[in-house]
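Quick heads-up: it's one chain on its own, the form predicted on its own, in structure tokens.
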Amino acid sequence: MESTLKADEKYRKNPDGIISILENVQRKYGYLPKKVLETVANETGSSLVDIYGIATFYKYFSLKPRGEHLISVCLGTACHVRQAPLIVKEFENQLKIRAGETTVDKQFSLETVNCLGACARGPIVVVDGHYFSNVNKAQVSQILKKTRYGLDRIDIKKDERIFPVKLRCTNCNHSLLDPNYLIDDYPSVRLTISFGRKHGWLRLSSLWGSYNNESEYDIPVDTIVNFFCPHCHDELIGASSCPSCNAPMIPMIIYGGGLVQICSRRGCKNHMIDLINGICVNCENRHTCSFIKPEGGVWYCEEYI
């Protein structure tokens, strides 16, 4: 812990600095141990009450060890009237724990939250950042089964739903691909992001269907992030909202025609792709028919095939 505090000495005695220190502690231990918080208070000259105030205000922080998978069930008004308490009870029965607890094998932690921002699609359940909408009791066992299997588990080389896309900025039309920084063995999608008072880089996989990404800063789950083009520096923001969590969708142009939109909320996996009016790179015609899987990152229309 001592080295963490020394590394963050420049952040001492200001709220943003305390948050940075607590983020480091959370990454190291998976939660905020009481003894470590006491050390943070002593080393920064802050009161323990203030430290706990910050730790309990932000959902990202936890004062108890969490399981490998975090399940959040919304009990906001819209979800509550749609029988969300029964969903909580079903999770409790199947996991044999109460809300706020972690299973004995440390696999699952269950919590309830006041609102997840997707009231029209309630009851809402979020597992490790994956949103499940209109959940009923019968779906609880399936959600747990999918989680145990791996919500992000994909075979990039064998899954035919995974394919490369070449993306451009919707404002300046500059390519967003970075051939010098690979993710999934393909050029990554380079973006600039900001959240809170942090401003840095983010790189996404250019394979449609892969959620692998890397960023300059750890982004807490549920944080809504602002996206910018690294070339013209204009903000990338669309007119639509995420149908799952209501956060703004971020648009990017597909080379050859079409549009990709990704949710701006950290953890939400709702991405959309629209190929209507795309241009076939072979016959150079604009089509409203369906496009098939691309070769080399560009689209081929049914008419050409």
Partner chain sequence: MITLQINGLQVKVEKGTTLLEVAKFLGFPIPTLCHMEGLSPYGACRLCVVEIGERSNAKLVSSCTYLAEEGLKVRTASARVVKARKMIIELLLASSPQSKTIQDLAAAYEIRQQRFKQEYEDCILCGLCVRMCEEQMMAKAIGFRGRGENRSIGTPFDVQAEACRLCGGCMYVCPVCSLRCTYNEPEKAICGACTNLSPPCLDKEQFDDMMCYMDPCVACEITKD
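Everything quoted here is computed from the prediction, not taken from an experiment. Residue numbers count along the first chain shown, from 1.
There is another form of this protein, the form predicted together with its partner chain, and it is not shown here; the text below is about that form.
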Is there a heavy atom of Y52 lying 4.5 Å or less from a heavy atom of its partner chain in the model of the complex? yes
With the partner left out here, check for me: in the model of the complex, does some heavy atom of R27 sit within 4.5 Å of its partner chain? no
So, in the model of the complex, is L37 in contact with its partner chain at a 4.5 angstroms heavy atom limit? yes
Even though the partner isn't displayed, in the model of the complex is S241 close enough to its partner chain, meaning a heavy atom within 4.5 Å? no
Which of 52 to 60, 261 to 269, 65 to 73, 244 to 252 lines the interface with its partner chain in the model of the complex (heavy atom within 4.5 Å): 52 to 60
